[in-house]
Ligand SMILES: NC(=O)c1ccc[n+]([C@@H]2O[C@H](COP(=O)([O-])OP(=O)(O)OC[C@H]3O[C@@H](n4cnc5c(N)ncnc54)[C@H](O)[C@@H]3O)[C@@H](O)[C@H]2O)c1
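Given next, in C-alpha cells, is a single chain: the form predicted on its own.
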Amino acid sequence: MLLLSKEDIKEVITMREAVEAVKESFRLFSAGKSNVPLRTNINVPEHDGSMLFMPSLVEDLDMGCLKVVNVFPENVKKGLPTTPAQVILIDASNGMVASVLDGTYVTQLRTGAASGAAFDVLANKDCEKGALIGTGGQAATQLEAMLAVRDLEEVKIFDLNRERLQAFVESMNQELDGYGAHILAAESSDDAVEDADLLICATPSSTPVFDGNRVKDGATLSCVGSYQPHMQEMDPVILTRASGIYFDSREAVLSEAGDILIPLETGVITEDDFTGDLGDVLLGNVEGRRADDEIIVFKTVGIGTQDLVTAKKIYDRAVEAGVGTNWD
C-alpha cells in the first residue's frame, strides 16, 4: 500500500494534468462506464459539519475508490482544514488497497479541476478577468484552475473576512506568480463580479453571495460551495439570464444542491432549463457554448469518478517516480 501526502501529490501532478483527468472522469461517468452510488451524507449539526462517504468503481480501469470527506466550515477559525479527508484507492482485480492519499488535497485538486474543465470547455477563449468569492479550503485550487485554462490578466478575490482575504491574496500572488496574473482583493462582491469573464463561488453560504444582475454577458460561472439543500450561494437571477445550465451530474445536483433545488421549488426555473452534464458535452452528445455573449452556469457537487480517476493518475505517476511511503 502506497501512502501519498499532499507534498507527494503536488510533486507528481500539475493542475493542467488534473483538469485533463477530471475531463476523462466526466466522460466515463456520462458514458455509463462508472458505478457511482449517490454519496452518503451524515450531518453533525452540533458542530455545523457533515461527514460524506463517496464510493466509485470503473471496471475498465480495474479500480475502485472510497473517499471519506468531512466538511466542517468552522475549522477555518481553528486553523484546521475545512474538508479533512482520505481517499482509499482499491485494486478492483483483487480487492487490495493500492494506496491511501491525502483526501483533503485530492478533493481540493479535483474540485478545482472540475471548474477548470468547465471553463476550458464552455468559456470564451479570450477571457481576461476572473473573480473568486470565498477564501476557504477550496479557494486556492479553484483560483489556480481558472489560471491554468485561460490566460487571465487579473483575478479579484472577495471574502467577508478582510484579514483572511488579505492573507489569501498575498499568499496566492507568491504561490501562483508563474501564471502572470495580478491577484487583487476586491472591496465587495459587486467589485469582484463586475467585468469578470470567469466567476467561481466557493462558499457554504445559505444566501446568495453575488448580484446576478451585475454579471456581464459572456461570463462563465462555476458554483462549487452549495452541497446541501439549504445552501444557496448562487443568485437565482443568473439562472434566468443563463443560456446554458450544466452539471457534473444532474442526479447528484438534484439530490442535494440548494443552488438549483431552491430556484426549482420557487418556480424561478424548471428542469426544462437544464442543458445537460459536462461529460455529455465532452462526448459530443450535448451542445456547449453557441455564442460569445451567452452566460453559462456550471454547478458541481462532486462525483466519485472524479476522485477515482484523479487518484489513479496520481498513484500511477507516484509509482513511476518512486514517490510516497510504502506500508507493507
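Note that residue numbering follows the sequence shown and begins at 1. On a predicted model such as this, the values are computed, not experimentally measured, just so you know. By rigid core we mean the largest C-alpha set that fits within 1.5 Å across both forms.
The form predicted in complex with the named molecule exists for this protein as well; it is not shown, and the discussion that follows is about that form.
Remark: Tyr227 counts among the residues lining the named molecule in the predicted bound form, judged by a heavy atom distance of 4.5 Å or less. Contact annotation for Asn213: none of its heavy atoms lies within 4.5 Å of the named molecule in the predicted bound form.
Although the partner is absent from this view, Arg164 contacts the named molecule in the predicted bound form, with a non-hydrogen atom inside 4.5 angstroms. The shortest heavy atom separation between Val297 and the named molecule in the predicted bound form exceeds 4.5 Å. Site residues Thr107, Gly137 and Asp159 are all in contact with the named molecule in the predicted bound form, judged by any heavy atom within 4.5 Å. Residue-level contacts in the predicted bound form: of Val237, Val209, Ile90, Val121, one residue has a heavy atom within 4.5 Å of the named molecule, and it is Val209.
Gly302 is the sole member of Gly302, Gly288, Gly276, Gly64 with a non-hydrogen atom lying within 4.5 angstroms of the named molecule in the predicted bound form. Looking at 217-225, 94-102, 178-186, 192-200, the stretch with residues near the named molecule in the predicted bound form, meaning non-hydrogen atoms within 4.5 angstroms, turns out to be 217-225. After superposing the rigid core, the C-alpha of Arg39 moves by 2 Å or more between this form and the one not shown.
In a rigid-core overlay of the protein, Leu282 has its C-alpha displaced by under 2 Å between this form and the one not shown. Once both forms are fitted on their rigid core, the CA atom of Leu52 lies 2 Å or more apart between this form and the one not shown.
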